[in-house]
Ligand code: SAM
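Quick setup: one chain, the form predicted on its own, written in C-alpha cells, and binding and motion questions come after.
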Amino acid sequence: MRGDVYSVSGIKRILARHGLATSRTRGQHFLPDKGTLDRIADAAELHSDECVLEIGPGLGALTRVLSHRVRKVVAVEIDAGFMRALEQTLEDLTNVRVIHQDFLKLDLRRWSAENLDSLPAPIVANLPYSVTTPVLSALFETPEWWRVAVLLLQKEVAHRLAAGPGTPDYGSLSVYAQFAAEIDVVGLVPAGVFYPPPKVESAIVRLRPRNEPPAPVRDPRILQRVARAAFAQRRKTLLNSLGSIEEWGREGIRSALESVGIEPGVRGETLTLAEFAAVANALTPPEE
C-alpha cells in the first residue's frame, strides 16, 4: 500500500479504496514523481536532528520523503478523507505525526511551540492552489518560528513573489513578500508530473524570513494597505490610487509623497520596496 503513492495507478487505487476524489476547484494535484519530491526536500536543506512541518500531506508521498531525512515530521491535514488514507499510507513510519486541523485557523505562535520539537522549524508543502495566498500571509505574519519554507506553487505566483519594479508580475504580493522574506525560485515543475495534471506549470520556491527588513517600516500593516491600493488599478497614478482611501485623502497623500521625494504622477508599479516603505512611513501616524 505505502509504495502506491509514487504511481498514478497507485494513487487511483488509494482514492477509490477510501471513496476520495481530487478537487480541481481547490487546486488539489497529487505529486507521485519521486525526483520532484526529492528536489523539494533538497531545497529545504534539512538537518537530520530537526522536526519539519508539512502543510497538507494529501496521501503522504512528500511526507515519506521527508521522514527519511529528519528526526520527526509533523503534518497538518484538513481533509478527513485524506486522514483516513494517511493512516494506511504512513502506517510503517514511526517518526511521523499527522494532525487533523486547518492550518489557516491555527494560532501559529502557540501551536508551533506546543507541537514542534525544534524551533525555528523548516516548512515544506505542496500547496493546493486555492490556499496559497492565505498560507503565505500566515507565514509572513509569524516569521519567528520558521527558518525556511519550501513551497510548490503555481509558476505565476512564484514569479509574482520574486518580481521587481516595472515588470508585469510586480504587484502588492511582491512588495510584501520581499519585505518579509528572501525569495528564491529554485526551479520549475511541469504539469505532466502531477495527477491530475493542472493546466499550469508549477515552481519550487524557497522562502527565508528576514532577520532585518530591507527597509525600515514603522507599521507593516500600513505598508500592506499602501501596496494593495497602489496596484488595485495599475493604470492610475499613485496619487489617484492612494487618494481614494478616505482616511488619507488626496491632499494627505500628495503631502506624504512630496515629503519623501516621490512624484504624485508616477504609477505604483515603478516604486521600489524602499520607496513603498518611505510612503508607508510618511502615512503612519506618529506614536503618542
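Note that the structure is a prediction, hence the values are computed from the model and not measured. So that there is no doubt, residue numbering starts at 1 and follows the sequence shown.
Beyond the structure shown, there is the form predicted in complex with ligand SAM, which is absent from this document and is the topic of what follows.
**Q** Flag residue 102 as yes or no: does it have a non-hydrogen atom within 4.5 angstroms of any non-hydrogen atom of ligand SAM in the model of the complex?
**A** Yes, residue 102 lies within 4.5 Å of ligand SAM in the model of the complex.
**Q** Does any part of residue 82 reach within 4.5 Å of ligand SAM in the model of the complex? Heavy atoms only, please.
**A** Taking the distances in the model of the complex, the answer for residue 82 is yes, it comes within 4.5 Å of ligand SAM.
**Q** Taking the shortest heavy atom distance, is residue 93 within 4.5 Å of ligand SAM in the model of the complex?
**A** No.
**Q** Although the partner isn't part of this model, could you tell me whether residue 76 comes within 4.5 Å of ligand SAM in the model of the complex, counting any heavy atom of the residue?
**A** Contact check for residue 76: yes, within 4.5 Å of ligand SAM in the model of the complex.
**Q** Just one of 131, 185, 217, 191 has a heavy atom within 4.5 Å of ligand SAM in the model of the complex. Which one?
**A** Filtering the options by heavy-atom distance leaves 131.
**Q** Heavy atom within 4.5 Å of ligand SAM in the model of the complex: which of 241, 28, 67, 36 fits that? Just give me the one.
**A** Selected option: 28.
**Q** Could you tell me which of 230-238, 245-253, 57-65, 258-266 sits within 4.5 Å of ligand SAM in the model of the complex, going by non-hydrogen atoms?
**A** Heavy-atom contact with the partner occurs in 57-65.
**Q** Quick one: which residues from 246-273 get a non-hydrogen atom within 4.5 Å of ligand SAM in the model of the complex?
**A** Contacting residues: none.
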